[in-house]
Ligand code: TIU
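First, one chain by itself: the form predicted alone, in structure tokens.
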């Protein structure tokens, strides 16, 4: 299949491609979560849920592999280094009790993926202690065992966990496509800059495209 993308067309085969949704968690997207304690407008992130939901359904209908990631820590925070735990000035820190349970702790209500994008049986759910999806997760080995060579990305935030994961993927030999309307930042200028960086210099990190271009390819109305 071919997606009309930037800086040029992105070719992929469903059997060797996975859709990766990065950290679409209540802690980042819903009021009362970690994102809001940092002083951010979470409505910016919530706005991408409908487009992402449409994309997820289409990908499931096509029979493609889905990977969900969650930024999540052990209850004792043994996998959360002080440099991360103490960064910034939020009203609540990682591990503190918030309106949706302990922030960014495995198993807590706020750590779960939003209902509209909840994983279904057979999809991979990866808990990651860092920003990138490959750090301390074993995901690369899982994808290699499944013959995955191409990755479609959505999720939050564009310039942090999404971009880190795309760069990690690029270093490991995957061809990555970022779905522009299925990712967002608390800072619109950061999203725009990240998109430019990813596709600069002939797709130095990867490709970008609006989700409707991928939907067209899945419907068979895009280029072959």
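Residue numbers count along the first chain shown, from 1. Predicted, not measured: the structure shown is a model, and the values here were computed from it.
In what follows, reference is made to the form predicted together with the ligand, a form of this protein that is not presented.
Residue contact check for residue 186: one or more of its heavy atoms lie within 4.5 Å of the ligand in the model of the complex. Residue 156 belongs to the set of residues with a heavy atom inside 4.5 Å of the ligand in the model of the complex.
Although the partner is absent from this view, residue 108 stays clear of the ligand in the model of the complex, with no non-hydrogen atom inside 4.5 angstroms. Mapping the unseen interface onto this chain, residue 160 counts among the residues with a heavy atom inside 4.5 Å of the ligand in the model of the complex. The three marked residues, 38, 71 and 131, each reach the ligand in the model of the complex, with a heavy atom inside 4.5 Å.
You can rule out all but one of 160 to 168, 174 to 182, 49 to 57, 193 to 201: in the model of the complex, only 160 to 168 has residues with a heavy atom within 4.5 Å of the ligand. Of all the residues from 10 to 44, those having a non-hydrogen atom no more than 4.5 Å from the ligand in the model of the complex are 23, 28, 34, 38.
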